[in-house]
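A single chain comes next, written as structure tokens; it is the form predicted alone.
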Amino acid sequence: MKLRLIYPKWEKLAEQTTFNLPPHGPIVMAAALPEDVEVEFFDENVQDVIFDDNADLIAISVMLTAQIKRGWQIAGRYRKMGKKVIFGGIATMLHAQETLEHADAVFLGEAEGRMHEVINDFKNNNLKKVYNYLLKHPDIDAIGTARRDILTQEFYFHKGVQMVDLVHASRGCQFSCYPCCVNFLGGKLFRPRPIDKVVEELETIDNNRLFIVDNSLAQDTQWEKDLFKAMIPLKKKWCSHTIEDKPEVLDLAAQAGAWYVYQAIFDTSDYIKERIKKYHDHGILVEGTVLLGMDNQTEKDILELIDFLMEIELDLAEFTVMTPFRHTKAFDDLTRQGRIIDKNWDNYNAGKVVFQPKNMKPERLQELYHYAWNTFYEKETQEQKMFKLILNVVEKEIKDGTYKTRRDDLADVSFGNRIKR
């Protein structure tokens, strides 16, 4: 049978350089399908979706809340053609009840070991409305290598530079961050994959540049160190969310190819300043992730935070507005307090104010959001800073003999060198 798998488009942050990464959720789900299922994949962010009847089942994978309404629109067109449509992915789990109105079935939870049931039900004309595995996580050993063969890799270049491939080494998160829904989706238990399985998957990825998409690698020091040790011979170059700033961890991370990390910048403390210095001392670059609009932030606090960012030598920064996604404490609190002012899910892209801030008007928070982007990138654009990031990884690759010469890459390196000078 033929399954058409679709990843809907969404409105990107207007201030951010537009580039597209190969999606991870769809290729993980595809790896869990029975071998006799032919998969045709469309990423609507880089290509047009074909609306015809040349598929048996339509599957829509939705990661972001800002994608969900577009997913519903796509489903509506196929269902009018008489096609069965099933939804899965993070945003489906967050918006399950609403999505049921637009789908023949919704899949909630992790796919490994479960897709055979779904496909058999479809073949027997007995597709269930809900497949709920949210509280029943599969054995972590069952997670195999994602199906990157369904991706059209040439779509994932930005001005000639190949974007990172995505991979995960663990699931679940022991932390309970206020605006985050990971505990609801993946549970509060840190579930690391066996390191040999992670290495096995890394060895299949042709791209030398990776994004380890785990919510946090800083959840088990020994596992973290063992993972980095195992990665050293692969000579991959990678970015990730937070890693621990213990010297022995950072040293191993650098040896394993750590390129840059995302670091939450939540205050102007010496702790943040010293943490960034520790990364830099180990040759690891830093992209600051800055969340604006928390209840403990006044207008003065935000302005001081922006000034602080100009002092601590961040390599990149990404600014977002606190967004109350469903199944987070933020959503529950703001709903109870009557402070959510916009439930148009298209606007939940973390760049638009959809709630009443505690210490200012929504319009003022929106102004401060734009001010943050404009101020940080006033002297050097985000694209220029990104090219410096690329130059850094190219230098690392040349040094250890893993750089793959591509015509477009060389053009970008030349442009980057002009920026550097």
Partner chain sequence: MTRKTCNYQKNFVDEIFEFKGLWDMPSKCGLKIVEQKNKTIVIITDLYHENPGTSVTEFCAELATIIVNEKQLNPEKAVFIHHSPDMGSKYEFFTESFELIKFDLQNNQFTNPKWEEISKRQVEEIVNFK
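Predicted, not measured: the structure shown is a model, and the values here were computed from it. Residue numbers count along the first chain shown, from 1.
Missing here is the form predicted in complex with the partner chain; even so, the following discussion is about that form.
S.K.: With the partner removed from view, which of 235-243, 200-208, 254-262, 129-137 is the stretch that lies within 4.5 Å of the partner chain in the predicted complex, judged by heavy atom distances?
M.R.: Single hit among the candidates: 129-137.
S.K.: Suppose contact means a heavy atom within 4.5 Å; in the predicted complex, does that hold for all of Leu100, Leu108 and Phe331 with the partner chain?
M.R.: Affirmative, all three are within 4.5 Å.
S.K.: The partner chain isn't shown here, but in the predicted complex which of Ser176, Gln73, Asn125, Asn344 has a heavy atom within 4.5 Å of it?
M.R.: Checking each option against the partner chain in the predicted complex, the one that comes within 4.5 Å is Ser176.
S.K.: Select from the listed residues Leu305, Ile312, Ala96, Ala218 the one whose heavy atoms reach within 4.5 Å of the partner chain in the predicted complex.
M.R.: The option sitting close enough to the partner is Ala96.
S.K.: Is Arg148 close enough to touch the partner chain in the predicted complex, meaning at least one heavy atom pair within 4.5 Å?
M.R.: Result no; Arg148 lies far from the partner chain in the predicted complex.
S.K.: Should His327 be classed as touching the partner chain in the predicted complex when contacts are defined as heavy atoms within 4.5 Å?
M.R.: Looking in the predicted complex, residue contacts with the partner chain include His327, since a heavy atom lies within 4.5 Å.
S.K.: Indicate whether the partner chain has at least one heavy atom within 4.5 Å of a heavy atom of Lys188 in the predicted complex.
M.R.: Result yes; Lys188 sits at the interface with the partner chain in the predicted complex.
S.K.: Residue-level question: is Arg336 within 4.5 Å of the partner chain in the predicted complex, judged on heavy atoms?
M.R.: Looking in the predicted complex, residue contacts with the partner chain include Arg336, since a heavy atom lies within 4.5 Å.
S.K.: Output the sequence-ordered list of residues from 180-196 with at least one heavy atom within 4.5 Å of the partner chain in the predicted complex.
M.R.: The stretch touches the partner through Asn183, Phe184, Lys188.
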